[in-house]
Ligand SMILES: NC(=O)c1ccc[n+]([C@@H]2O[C@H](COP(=O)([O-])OP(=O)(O)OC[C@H]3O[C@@H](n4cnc5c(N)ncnc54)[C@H](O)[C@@H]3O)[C@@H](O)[C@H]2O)c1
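First, one chain by itself: the form predicted alone, in structure tokens.
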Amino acid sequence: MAEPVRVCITGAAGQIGYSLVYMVGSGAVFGADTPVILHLLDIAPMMSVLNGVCMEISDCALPCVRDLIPTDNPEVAFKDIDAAFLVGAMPRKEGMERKDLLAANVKIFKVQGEALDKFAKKSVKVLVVGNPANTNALICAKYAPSIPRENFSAMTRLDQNRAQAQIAQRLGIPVMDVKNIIIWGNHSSTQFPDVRHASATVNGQKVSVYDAIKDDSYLKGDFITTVQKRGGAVIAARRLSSAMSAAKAACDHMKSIWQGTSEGQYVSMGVFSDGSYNTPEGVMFSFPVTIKDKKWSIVMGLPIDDFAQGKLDATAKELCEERDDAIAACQN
């Protein structure tokens, strides 16, 4: 077997953590032949619950799990880690706006950025799941200046998975036959799920999603709003935020980083904008990316029509506002 990968999962006693710890331990992310040492971080009042999670992971007898380190100490949690899933944050509750989360959660990610800077490997790959994910990732990277900022990313893979599932269901085909849906911008209700560059395999033939569905009003209307508001719909139904699907998406995201993207396919990730597609620099913006040797590259040259540009501008405006509010909150 390969050398063990040290993986930190924060909020490990929470709902997303409960699914995520198992998925990572199963080999689904880093490979079935790669052992993992799981550093599981949560707050002190949750340590009893976290110990119960560790008991269950032990009882699963997962061949990849070499060791479990439950802790409420960031120094222990981030010590020499190779990968981090930053999940722990105040959860969004029914009726709560994202801005309500911002002030509290951004300070959590400031502290975690400082701890990563001190204790983690400089090569660590950091995925921020806790919302507002894009802005939390921005702040985390800001306070970890010794770690390359391209090592930080925010999760929009859940939105990509949601969009892919919606199209597959509409066409009555397996989800694996829908490729290259893009999530632009923020992991919020301003995000733009874009199928203009996506393809579907229908009756053995690869066609564009637009040609397969033949309903522009749906693709520019209900499809977009369904994906944008899916998190709220799950909360309304479960009385809890997305957990199983969020954990799966986090695993998909980190697997793409670790193992790369397939030829001709791209995935959506919140990464630092360099101004591509007329987006503002200095925000964490979701782009289509390809990944090789654990390094991502923005897919360039995709045509953007006026409808799409309007959507990109709206989500960019929100990200700039969030960034400014978050930086102000950290300075207070």
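Sequential numbering from 1, following the sequence displayed. Just so it is clear, the structure is predicted and the values come from calculations on it, not from any experiment.
Only in words, not in the display: the form predicted in complex with this ligand, which the text now covers.
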Q.
Check for me whether this ligand, as it appears in the model of the complex, comes within 4.5 angstroms of all of Gly11, Met90 and His187 - heavy atoms only.
A. yes
Q.
Against this ligand in the model of the complex, would Ala198 count as a contact residue? Criterion: heavy atoms within 4.5 Å.
A. no
Q: Using the partner position in the model of the complex, report whether Val299 sits within 4.5 Å of this ligand, counting heavy atoms only.
A: no
Q: Using the partner position in the model of the complex, report whether Ile304 sits within 4.5 Å of this ligand, counting heavy atoms only.
A: no
**Q.** Any non-hydrogen atom of Ile291 within 4.5 angstroms of this ligand in the model of the complex
**A.** no
Q. Pick from 168 to 176, 212 to 220, 154 to 162, 199 to 207: which stretch has non-hydrogen atoms within 4.5 Å of this ligand in the model of the complex?
A. 154 to 162
Q | Heavy atom contacts to this ligand in the model of the complex at 4.5 Å, residues of 109 to 138 in sequence order | A | Gln112, Val129, Gly130, Asn131, Ala133
